[in-house]
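So this first bit is one chain, no partners, the form predicted on its own, shown in structure tokens.
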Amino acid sequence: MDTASLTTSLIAALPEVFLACAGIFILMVGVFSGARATHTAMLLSVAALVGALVLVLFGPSRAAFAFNDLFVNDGFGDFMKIVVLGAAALTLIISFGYIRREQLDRFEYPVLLVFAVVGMLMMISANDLISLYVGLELQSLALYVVAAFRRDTLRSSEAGLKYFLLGALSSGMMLYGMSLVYGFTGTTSFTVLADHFAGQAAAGQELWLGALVGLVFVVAGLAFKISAVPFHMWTPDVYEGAPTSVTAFFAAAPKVAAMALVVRVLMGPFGAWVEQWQQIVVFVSIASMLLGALAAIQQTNIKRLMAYSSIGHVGYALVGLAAGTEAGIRGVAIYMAIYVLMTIGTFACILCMRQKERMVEGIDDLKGLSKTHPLMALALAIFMFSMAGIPPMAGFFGKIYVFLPAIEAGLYALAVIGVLTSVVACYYYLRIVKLMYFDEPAEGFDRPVGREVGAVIAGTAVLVLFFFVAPGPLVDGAAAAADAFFAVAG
């Protein structure tokens, strides 16, 4: 690669390059900062994430393809990167007080999250099976460590070990699938694969069985990353065992990046074979919605409940992908953005669940919260109503935008099952509201709520509650992202 091409490629990947360099700088600052290393590293990490967000939004014009077509820039990628960077910054902000109180204030924590986000951005812009895998593993290696960050707690160590072992298994499955795709097509480039399969479909030829099996293995590996059924088994244990601030991060940013990657892989190189992979996505979507709705009913730990809830929400997002249309991709983008708001707001509330200077996680600990912490109860009720899909909350519109494309694509059974599972899921969401407003108060939570946590709770609650007033910016941005995706993929 000559100097001009290298410069063009570096500018194309400027947010990723900036964030990677910032992570290395923060690591060095942390090493030499002494007692205030963690606080300094946290502030710099948030600033770095915001800086990368600004570069995505307002940075110099970037080439569509870079690094010999390993890397792609388009409106879809930019939209998803904005959601990921925003989610990561917010989860770091609500972690400030938590890691200090729980004696987890080590400067490596924010540095690991920054490097995980670099991997996520690379995943979103991957245009080759090799760059896909590099980004995925960069994210995963950092997340394996933070899952077990509380080294003196058995649950956290167990969570990290389970995540690592199952993650290694999923990576092996994905690599095997990639090798099959490469073996039968002779390329790993998404662009070349898309042209090859489009020509094959136009000629009326069948997709090679080996390439189809490879696709199945690749989708299985990606399904692990979004915790979709039947590759969800790690989610409840890791969510419960990991430190709560880490769980909040797991539930938000990596989910968006992995969902963007699933869209990129299926609608890009394999876009000509929608009917081949659509049945896989429909099955995974239905299974995830059913498990998320039914398994969460019996949960007594709010972090495990949120784990099963996230599995269900992945199923709803996959409804839009199953449609295989531009409207479906727009629905996925809208749903994931709304999901991030609801999830971060809910986990900010969970981080406030402290009694006698220790964290509590029981759902019954929320009894009578409206009498002891009325504003927190109001915000949590808004998030629960939104997750249940009750109008006029944002979650209702998110489901509308994924169900309608499925109906337009003739996937009536999938849409009906989605609606029915939403009704079932209302039980455990509304149960939390009932406990907060109609039961006698349990022991109240410690005061005060940190200012940064309170600001995030208030901001996300307002956005979720009043989304219907001005949905235009998000809907228009998602529509432009889907249009740009198909323009580049086409």
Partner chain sequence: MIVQTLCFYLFAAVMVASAVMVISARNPVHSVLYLILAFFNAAGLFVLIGAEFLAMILVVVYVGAVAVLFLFVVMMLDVNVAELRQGFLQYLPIGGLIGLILLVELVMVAGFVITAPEVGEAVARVPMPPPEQVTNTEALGRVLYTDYVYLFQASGLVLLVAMIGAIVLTLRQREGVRRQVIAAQIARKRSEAIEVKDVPSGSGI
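Values in this document were obtained by computation on a predicted structure and should not be read as measured data. Positions refer to the first chain, counted from 1.
One more form of this protein exists, namely the form predicted in complex with the partner chain; it is left out here, but the text below deals with it.
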**Request:** Heavy atom within 4.5 Å of the partner chain in the predicted bound form: which of 409, 193, 415, 138 fits that? Just give me the one.
**Result:** 138
**Request:** Go through 258, 296, 148, 89 and name the one with a heavy atom inside 4.5 Å of the partner chain in the predicted bound form.
**Result:** 148
**Request:** Give a yes/no on whether residue 401 approaches the partner chain to within 4.5 Å in the predicted bound form, heavy atoms considered.
**Result:** no
**Asked** Any chance residue 377 has a heavy atom within 4.5 Å of the partner chain in the predicted bound form?
**Response** no
**Message:** At 4.5 Å between heavy atoms, is residue 186 in contact with the partner chain in the predicted bound form?
**Reply:** yes
**Request:** Mark residue 237 yes when one of its heavy atoms lies within 4.5 Å of a heavy atom of the partner chain in the predicted bound form, and no otherwise.
**Result:** no
**Request:** Name the stretch, out of 360-368, 401-409, 105-113, 240-248, where some heavy atom lies within 4.5 Å of the partner chain in the predicted bound form.
**Result:** 105-113
**Message:** Let me test this: is every residue among 20, 67 and 134 within 4.5 Å of the partner chain in the predicted bound form, going by heavy atom positions?
**Reply:** yes
**Request:** Taking the partner chain as it sits in the predicted bound form, which residues of 351-368 have a non-hydrogen atom within 4.5 Å of it? Please list them.
**Result:** none
